[in-house]
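Take a look at this one chain, the form predicted alone, written out in structure tokens.
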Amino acid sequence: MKHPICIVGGGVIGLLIARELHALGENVMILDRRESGKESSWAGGGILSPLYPWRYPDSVTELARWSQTAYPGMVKELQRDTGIDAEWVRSGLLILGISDTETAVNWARKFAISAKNLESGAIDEIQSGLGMNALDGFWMPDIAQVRNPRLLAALKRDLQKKSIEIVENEAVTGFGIENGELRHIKTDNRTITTDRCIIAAGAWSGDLFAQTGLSIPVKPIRGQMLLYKAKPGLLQRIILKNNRYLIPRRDGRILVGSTLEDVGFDSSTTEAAFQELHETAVEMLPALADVEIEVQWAGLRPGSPAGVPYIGQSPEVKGLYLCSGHFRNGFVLGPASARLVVDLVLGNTPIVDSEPYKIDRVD
């Protein structure tokens, strides 16, 4: 049997990569420093769109569009094969209070994306009960969401049923490189022989990649969120204003997020963020003032300068690949990113031009 292709990181990106590789007949091993899927992937909101998509480079839109098309079929397959429903729901995304409406409209026209401007009366027809003097909005009716913990559980169970080895609570500590080629990776327990490794370790990817002599600007950015135990029907749409969002789950629960904090690898929650998020949530949807808050949590996103992920082979080490730096968009960019890096590893024709995602690019 061939040496396994090692994937470092068991979040949504790593799990999707493993699924793609296995489907193409490859031997795969996932290694995670803790329980897989318990870092940024678990902590996110699962919105299947960048928050203000027209403010990103087109390379982000290209990955998002491919993934958005792939999601419904993938979720159905996972439910069929695992019995876990990841709750893909086309909630629509209503963005309030933007000043660059013309840019948004031109972006939607360029990429043939369903979107339109709304005035206050029309906003109430889309979602009633909003506060903040919601006078105008930008409505994207086709935007969907997934319940990220459920998608992670479905992916993990699917891989386990396929007998893919998922090694948890074992950190990768180094790489064996000879004459510019990868020979093995080291963990805190052993040495694993491999000539192909994909680093998809989220916020930890930058530190891991630095061990090979190449620096990439991926660093942790903390995001805190709250969950409200609301009843079904209180909110039907994803609402976004001033970088804060409300997400309605199928069972009625509502997420509010999220903060953007450059605090290193500190994933603790704070009272200040609790108060800020609660005030924002009530301002956006006043009825939440009387709804129980179930839990507060935080996650560390893999921040990158322009939000464009790094996907490709190291220019210094043959066989060592990176797929990280998705920042707030790991879920919406995940399926396309996984397919792209797999194409590059196996020498297949890439689904999109890989040049904008190169590791040694200059943003």
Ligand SMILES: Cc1cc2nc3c(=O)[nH]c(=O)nc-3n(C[C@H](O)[C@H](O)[C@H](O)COP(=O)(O)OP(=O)(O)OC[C@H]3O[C@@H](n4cnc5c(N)ncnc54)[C@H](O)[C@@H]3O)c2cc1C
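Don't overthink the numbering: it's just position in the shown sequence, from 1. Since the structure is predicted, the reported quantities are computational estimates derived from the model, not experimental observations.
The protein also exists as the form predicted together with this ligand; that form is not presented, and the subsequent description refers to it.
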Output flag, S41, G46 and G202 jointly within 4.5 Å of this ligand in the predicted complex, heavy atom basis: yes
In the predicted complex, A171 touching this ligand (heavy atom, 4.5 Å): yes
Partner proximity in the predicted complex: M29 to this ligand, non-hydrogen atom cutoff 4.5 Å: no
Distance check, L63 to this ligand in the predicted complex, heavy atom within 4.5 Å: no
V8: touches this ligand in the predicted complex, heavy atom cutoff 4.5 angstroms: yes
Option touching this ligand, based on a heavy atom within 4.5 Å in the predicted complex, out of G312, P53, G37, G307: G37
Of M74, L208, I216, I84, the one that lies within 4.5 Å of this ligand in the predicted complex (heavy atoms): L208
Contact set, 240-261 vs this ligand in the predicted complex - heavy atom within 4.5 angstroms: Y245, S258
